[in-house]
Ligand code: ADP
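The chain below stands alone and is given in structure tokens; this is the form predicted on its own.
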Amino acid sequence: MRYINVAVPVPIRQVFTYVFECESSREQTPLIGKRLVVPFGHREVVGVCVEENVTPDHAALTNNDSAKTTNDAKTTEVRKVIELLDHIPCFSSELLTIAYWLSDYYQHPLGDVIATMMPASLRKPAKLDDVQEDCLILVDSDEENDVLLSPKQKSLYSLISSNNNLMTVRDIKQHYSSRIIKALIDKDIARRISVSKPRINWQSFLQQASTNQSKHVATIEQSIAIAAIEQANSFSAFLLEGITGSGKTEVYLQVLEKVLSDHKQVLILVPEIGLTPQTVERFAQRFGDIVVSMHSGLTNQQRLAVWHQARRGDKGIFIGTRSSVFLPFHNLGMVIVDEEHDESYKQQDGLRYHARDLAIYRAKSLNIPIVMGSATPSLETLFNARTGKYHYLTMTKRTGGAVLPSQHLLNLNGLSLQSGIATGLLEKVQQQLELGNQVLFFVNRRGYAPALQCHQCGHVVECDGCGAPMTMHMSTNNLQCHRCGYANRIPNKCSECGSQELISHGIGTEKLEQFLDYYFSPYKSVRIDSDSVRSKQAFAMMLEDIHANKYQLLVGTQILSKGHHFPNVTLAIILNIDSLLFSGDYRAAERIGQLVTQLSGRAGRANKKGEVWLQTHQPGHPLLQDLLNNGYTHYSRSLLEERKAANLPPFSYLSLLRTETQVAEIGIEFLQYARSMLTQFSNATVIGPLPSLIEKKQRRYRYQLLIKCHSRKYLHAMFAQVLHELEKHKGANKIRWHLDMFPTDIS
């Protein structure tokens, strides 16, 4: 009998003590890192043992929901573990260290952190034992057995024979059904056995990579970057700032060869699921079958399979989105964060971690190098590079002789527009189409139109739960709120005055696509936004068709700016840049620079000259003037100076405490209580309570406190005290509230 502490997947900032009774010698092994089924309240949950051989603390147990208290409330019975699920730890010591760090760094309950790190399949009470592999072995290789076999069975028999009479059932099932496998077993020609899982033979893949024709000769700038990264034999953080089209991916490909030759794995983080297929294809062309992807488009079983491949060392290169940073690698040797500036790396609910920052911590703890690449680095990363914390590498020239596109501002004041496009630009589009080129249109609004209004009384249809105008979606004939997702049919008449004169306002991707199909009727358009891209396969097919020039007009939202290579795009038009100029978020200027630069990078990537046009009613705006005249390098340095003058991150640390309540006064009262405690700390500045930039969402009013401090360590120590007191507040369990330690979005 042993007392153990278990991290349970609940939003409570403590671990819980249970008693574990050993029933076999196998269960007498260490328990730390293993999953267990434990009782919690009136239910059973899957937790992870984080400490064993502990001494029960009576005071702690009396406040523990997992304990049963007798009628006299003087003694407490520790509840028993129901079942041990793992024979080997699901969480290694490295992963548990990461879990503790995440819990401290983001001030988040440990049990919830561990649950976030696990694939969904492991959060269920299913046993996990992947030490051995289920295999099929031939027990009778007499060729006379051929007469007993059907053609399919003969084919499987031959396949196993060619693999030294032994194959994994997992590999066999990729080509043969369970019925065929069972037939060989029933005829005593084969039997199932469990064998130790083999490690992958890296050398064969490295030989393939060294002779692969897709390998390019590095440019001078690429060679300098490759040499610098390859010299790192321990933890080093590199910022690779390369303009769009400068060949950052080729640098990644070449530095990986040395890592793989040392029999080590590589993690490559990409910001969006849409980038995964093309990135995987590029790396698979060079390294073959050791490349695997991980993203939200996979099923739970597929994600678990990738988890196993990382743990066993079956694969060498793992390309994935944000959650891939939690994979249990067998021997990780390098981390690459592509497009490190992208906000998709920040989780916006639950455990609000930043995958880039966690990747840096993990690389440091493993003493391995990490490379962060971007044409538009985040100001935090740029600051660390300029102050010497990171190694700073730059690439200023496009590969293959391509040049950066020319950038222009188009003053819309007084001009006639058709579906939001200036008439003069339509003529330029026609010219490019006649030359056989493609044109890209960016509009930061999906749907048909951002608002539906009554022409008689002026009433605008709004979401009842958010108070925001409902967006028209003609493809589904509904109105949708883009804050909460609520949708309803497009009405036939005004709900206020009964008039049937309803008109749309503004331009969305649907409306623009419809106009382009009509205006440039001989040519085909494609719309790329979160409505049209429902799956990884659909997006991959769209990209293939674009590369095959089946579409000449590309319409989309920010998805189009995410590092795609469109060699035939020679003209990019940004329709509504003004909507981004007047945001209340202090990061808005940084986002504008990144968006415009990334979108510009889609044009003129091959041997064709490219042009970018920004339509604006604010042609003299200093941000636009600086960006287009001086480029992102100068622009970002100017923003850093502004941040320094305003004492904003990265020159200080900012946290956000937010409430979401159906009655605004309740949330304000809670935040005022929080403010009274926070203002006791002299080294912190507290701003608020204030309404969030998006004040209402899903019938809940959102109010917040902003807390600014010069010391991250001081900020952590402060919240470690304050959060425990906030949880004791009478309203803490009756309202929604959360702390985002280092927010990237304060809207």
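The model shown is predicted, which means the values in this text are computed figures rather than measured ones. A residue's number is simply how far along the shown sequence it sits, counting from 1.
A second form of this protein, the form predicted together with the named molecule, is not displayed here; the remarks below concern that form.
Heavy atoms within 4.5 Å of the named molecule in the predicted complex are found in exactly one of 381 to 389, 297 to 305, 245 to 253, 567 to 575, that being 245 to 253. By the criterion of a heavy atom within 4.5 Å, residue 433 is excluded from the residues contacting the named molecule in the predicted complex. Among residues of the shown chain, residue 217 is one whose heavy atoms approach the named molecule to within 4.5 Å in the predicted complex. At a distance threshold of 4.5 angstroms between non-hydrogen atoms, residue 509 is out of contact with the named molecule in the predicted complex.
The closest non-hydrogen atom of residue 444 lies beyond 4.5 Å of the named molecule in the predicted complex. Checking 265, 438, 471, 222 against the named molecule in the predicted complex, a heavy atom within 4.5 Å turns up for just one residue: 222. With the partner omitted here, the residue from 352, 311, 282, 482 that has a non-hydrogen atom within 4.5 angstroms of the named molecule in the predicted complex is 282. Scanning 390 to 404 for heavy atoms within 4.5 Å of the named molecule in the predicted complex gives just one residue, 399.
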